[in-house]
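Presented below, as structure tokens, is a lone chain in the form predicted on its own.
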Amino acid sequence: MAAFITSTACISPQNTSNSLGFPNEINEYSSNILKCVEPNYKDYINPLQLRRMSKILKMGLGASMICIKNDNQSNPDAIIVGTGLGCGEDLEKFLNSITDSNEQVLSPTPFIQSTHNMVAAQIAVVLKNHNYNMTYCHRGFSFEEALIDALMLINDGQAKSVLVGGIDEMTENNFKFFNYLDYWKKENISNLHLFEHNNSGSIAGEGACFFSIKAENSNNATCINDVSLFYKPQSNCEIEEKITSFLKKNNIEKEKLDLIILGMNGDNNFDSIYKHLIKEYFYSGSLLTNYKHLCGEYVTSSSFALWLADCILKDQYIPDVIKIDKFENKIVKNILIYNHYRNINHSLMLISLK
């Protein structure tokens, strides 16, 4: 099920959009919501088209164009996008316009752009790409499902090059809605001190990460060995069994993992799972890292983790800001990414250098 990442692009709350690797400077926010640092979209998108685009369309199209530019390719064999919330801003505009106009004269643009598959469709329109085009909106599995689809296409010989993305925006209304459900911290805190607050709630985030995935290795590209999903485990023991089975399937022992990236988000209701694994399951000498204090919590945040893993493998550098405990950097060849979304959607990704 292996395939290779030959190019990436990431628009996030950090300065990642204009960087080919992990940024040298880290942005600190004193807020419980992290907004993306967006590039100058005019460098990648026709200014006439930009006028009618919502934020998520700009992010998705911008990140995909950067990824394609970095890979020196024009037309992938497939375009696959994962999104948990879709084009929320346009949906809100459309619903508000229904009320404001008393269901009379409505602008069609917000309605057309309110569907979840609009980002993948817009990429295809700009590229004039008539190949396989798919969008997955499977909540916490959205990005992983898109990635699995890409791997299946490549391994079945139906595609040699696939553009895969994970994207979600955090609108003001979405933030308020999830805040009513106690998703976020009640007080404003520094994202860089997120894990020092042992209470409920996380910090909201957003982002757009795209990957050019190919069947053949080139220039020591990062290899995606396998992706596995499991739903609503009943206990920590079941989670341990799932991880053990996943590693056994890929012929690697947990002691041989060079680095582990965990999806801790600062919410003690859910971080207890990761803390249990750190204490009771993972090898005591494992190099452990976090990432959600950099991008915030959102449905497809695992795409940021994959982008981070690619940066680490290619640059052979582990930034201090992601380390759970201090450790000396070493050569990294195998990375396990483990993330769960509110203990419902659990995912495992094994990434390596071949």
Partner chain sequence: MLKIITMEELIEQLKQEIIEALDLEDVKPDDFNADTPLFVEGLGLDSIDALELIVLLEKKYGLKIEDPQERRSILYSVRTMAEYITANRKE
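Just so it is clear, the structure is predicted and the values come from calculations on it, not from any experiment. Positions refer to the first chain, counted from 1.
The same protein also exists as the form predicted together with the partner chain; that form is not shown, yet it is the one meant from here on.
4.5 Å heavy atom contact, residue 47 to the partner chain in the model of the complex: Contact with the partner chain, yes.
Is residue 235 part of the interface with the partner chain in the model of the complex - any heavy atom within 4.5 Å? It does not: once the partner chain is placed as it appears in the model of the complex, residue 235 has no heavy atom within 4.5 Å of it.
Hey, in the model of the complex, does residue 74 get a heavy atom within 4.5 angstroms of the partner chain? So residue 74 does not count as contacting the partner chain.
State yes or no: in the model of the complex, is some non-hydrogen atom of residue 109 no more than 4.5 angstroms from a non-hydrogen atom of the partner chain? Contact with the partner chain, yes.
Counting only heavy atoms and a 4.5 Å cutoff, which of 109 to 117, 193 to 201, 247 to 255, 220 to 228 contacts the partner chain in the model of the complex? Careful reading of the contacts points to 109 to 117.
May I ask you to list the residues of 28 to 67 that have any heavy atom within 4.5 angstroms of the partner chain in the model of the complex, in sequence order? Read in sequence order, the residues that approach the partner chain (within 4.5 Å, in the model of the complex) are 42, 47, 48, 51, 52.
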